[in-house]
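Single chain ahead, written as structure tokens, the form predicted alone.
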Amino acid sequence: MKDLRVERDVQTETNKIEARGVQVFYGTNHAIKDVDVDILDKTVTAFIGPSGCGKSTFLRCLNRMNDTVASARVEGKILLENEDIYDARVDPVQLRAKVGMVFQKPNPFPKSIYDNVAYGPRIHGLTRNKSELDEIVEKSLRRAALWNEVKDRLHAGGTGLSGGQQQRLCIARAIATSPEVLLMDEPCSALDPIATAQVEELIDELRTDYSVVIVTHSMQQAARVSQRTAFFHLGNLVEYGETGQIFTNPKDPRTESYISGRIG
């Protein structure tokens, strides 16, 4: 499979998200400890690390998904373009339109393909009429590299698609609200190698428009799709930098141990 990471130079670097002193507690369990990180715009950032190291927990901080867990408490600051997303005036529903999320297991709604993609624009009032909605649905399915496969059956159920198609439908649904950031929590772990390759190629294309953050258990995938990599271990952000540097010349011995397979 081709190396997607080296195909296009990273554009001028600007921070999309800035996290400072982020701590996450689930009851008495201290899950994330004092994380500082800048996530660049129009860049794919991979979060790697052993199971239970905090990478998915931190990802969920970026669109306040942890708000849905009663025992969760988040401290510190997370700024999206200099706005504190945990400010009391921020509506989490509106935030999640700006910071979309794709989950590990494809989870299309039990609705038609069309209605899956149209759902977000409808609830956020992004269109004035049916033709505008049609346009967003088509554009989102095209961006998710799914349009040609489903254009003749838009009113068939989304759950009838293959696993890879369902995941691309979920990506189309996430980008239909024109988000600024796209979060992906192990988006390929339930997919076969061919569907994985399609989603990886799609991730590389999406970074022309979005800041993409992906949690992956596959170091090979992180090396293929990302320009920046963050290594988490035991709730700590151990090391963060350019993907090539993290994989070939890590600064922290724990990173080196994980990448070489001695811990994990």
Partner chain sequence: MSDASINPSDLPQKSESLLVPSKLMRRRNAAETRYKAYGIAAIVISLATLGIMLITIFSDGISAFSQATLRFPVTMDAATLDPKGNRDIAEMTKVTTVGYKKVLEKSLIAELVLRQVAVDGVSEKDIGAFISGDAPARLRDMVLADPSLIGQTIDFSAFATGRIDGYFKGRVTMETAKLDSNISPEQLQLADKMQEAGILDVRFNTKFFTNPDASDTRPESAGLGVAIIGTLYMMALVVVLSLPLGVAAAIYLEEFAPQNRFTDLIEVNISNLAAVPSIVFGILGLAIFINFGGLPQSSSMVGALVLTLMALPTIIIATRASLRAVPPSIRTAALGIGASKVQMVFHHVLPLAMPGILTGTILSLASSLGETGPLLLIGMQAFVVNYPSGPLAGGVMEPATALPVQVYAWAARSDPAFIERASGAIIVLLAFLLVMNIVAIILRRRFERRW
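Positions refer to the first chain, counted from 1. Predicted, not measured: the structure shown is a model, and the values here were computed from it.
Unshown form predicted in complex with its partner chain; subsequent notes refer to it.
Let me know the one among 135, 75, 149, 83 whose heavy atoms come within 4.5 Å of its partner chain in the predicted complex, would you?
Among 135, 75, 149, 83, a heavy atom within 4.5 Å of its partner chain in the predicted complex occurs only for 83.
Contact with its partner chain in the predicted complex for residue 112, defined as at least one heavy atom pair within 4.5 Å: yes or no?
Result no; residue 112 lies far from its partner chain in the predicted complex.
Test of understanding: in the predicted complex, would residue 189 fall inside 4.5 Å of its partner chain by heavy atoms?
No, residue 189 is distant from the partner.
May I ask you to state whether residue 143 is within 4.5 Å of its partner chain in the predicted complex, using heavy atom distances?
No, residue 143 is distant from the partner.
Hey, in the predicted complex, does residue 125 get a heavy atom within 4.5 angstroms of its partner chain?
It does: once its partner chain is placed as it appears in the predicted complex, residue 125 has a heavy atom within 4.5 Å of it.
Tell me which stretch of 93-101, 149-157, 135-143, 189-197 has a heavy atom within 4.5 angstroms of its partner chain in the predicted complex.
Only one stretch passes the 4.5 Å heavy-atom test: 93-101.
Enumerate the residues of 164-190 that have a non-hydrogen atom within 4.5 Å of its partner chain in the predicted complex, in sequence order, or give none.
Heavy-atom contacts to its partner chain in the predicted complex: 178, 179, 180.
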